[in-house]
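The chain that follows stands alone, in the form predicted alone, written as structure tokens.
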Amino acid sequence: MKKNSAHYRFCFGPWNLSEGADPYGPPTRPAQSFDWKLAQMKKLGFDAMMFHDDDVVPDVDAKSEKQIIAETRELKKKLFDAGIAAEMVAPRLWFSPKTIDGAYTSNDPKHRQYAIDRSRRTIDIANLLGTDLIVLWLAREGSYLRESKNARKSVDYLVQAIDKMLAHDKRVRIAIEPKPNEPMDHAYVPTIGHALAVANLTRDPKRVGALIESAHCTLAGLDPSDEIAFAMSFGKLWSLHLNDQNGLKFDQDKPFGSANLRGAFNQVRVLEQNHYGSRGEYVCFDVHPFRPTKVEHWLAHLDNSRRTFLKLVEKARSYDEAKAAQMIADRNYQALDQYVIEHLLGK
């Protein structure tokens, strides 16, 4: 395997320093300001931060255009002073009362228009922050009841919304982040294959790609490394959320490599094989501290995820491809299996 010469750059979002609340219990750590979170990012030596639109401008729906511009420029200055880039911005379309029944795919045309308008505003915010990447996590684009929506029309609504975003800015890139479920019973775009199929229906498919999250692949019953390879075969993996997931449960956002170290190794190996990062892409960790985590250990899940990733980069680069190729040629998969295990164990 040709070695990847890319220097990996790392990022996370403000939500990755969560306070420990879940659907079954309150926060377990005190809320912290954005400035505090930015200081922790600088302390850890990360390179970029990802944002929702209302991470940049809190209560964005209630703000005037003038206020939005002023607050975005203020945050941009904070990032510049800290030496931190903005990796992407995503419209947070799943919190509003107007998106209870979906955003782009709502049955109410006024609510569909709200989602498009907010997405256009997100593009304007991203431009001010200096990033051309907009991420669409299609959280409520699905249904709880099959008969409540027309799935065929919903695909049309998604394409129409993306087309309007592409028309709003000729340079913007849209990365679809698929997930099979949660919060919806079933999503209309559950996998990378679905995301890239939707991209092909848009007015400018070259500007519509994908973001992969490890846990979302696992929740779809798929292997994250295969999904990564699939997206990269199209040149469409524009961002990456690495984490881990213990089976088909709720979205756990465990530290990278926490539940399935071999699966994590294969994700890193496929990134190495396909030179991820060589075009400036970031490795993002969408991970959360375990709920019982104390304040003094608040940053460990992020630092640990990066440490695990870099150790697995070393493992991928020291993997004996020639030796593995001999086993494959001999169809000696038992030997190959054990070689991988012993390589990871550090034999």
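Residue numbers here begin at 1 and follow the sequence given. Because the structure is predicted, anything quoted here is derived from the model rather than measured.
In what follows, reference is made to the form predicted together with D-glucose (GLO), a form of this protein that is not presented.
Heavy atoms within 4.5 Å of D-glucose (GLO) in the model of the complex map, among the stretches 194-202, 270-278, 213-221, 165-173, onto 213-221 alone. In the model of the complex, D-glucose (GLO) lies within 4.5 Å of some heavy atom of Trp137. Though the partner is left out of this view, Glu177 does reach within 4.5 Å of D-glucose (GLO) in the model of the complex, counting heavy atoms only. Looking at His241, you'd find a heavy atom of it within 4.5 angstroms of D-glucose (GLO) in the model of the complex. For Asp251, a non-hydrogen atom is located within 4.5 Å of D-glucose (GLO) in the model of the complex, even though that partner is not displayed.
In summary, among the residues Ala231, Leu158, Val189, Met88, the only one with a non-hydrogen atom within 4.5 Å of D-glucose (GLO) in the model of the complex is Met88. Scanning 262-295 for heavy atoms within 4.5 Å of D-glucose (GLO) in the model of the complex gives just one residue, Asp286.
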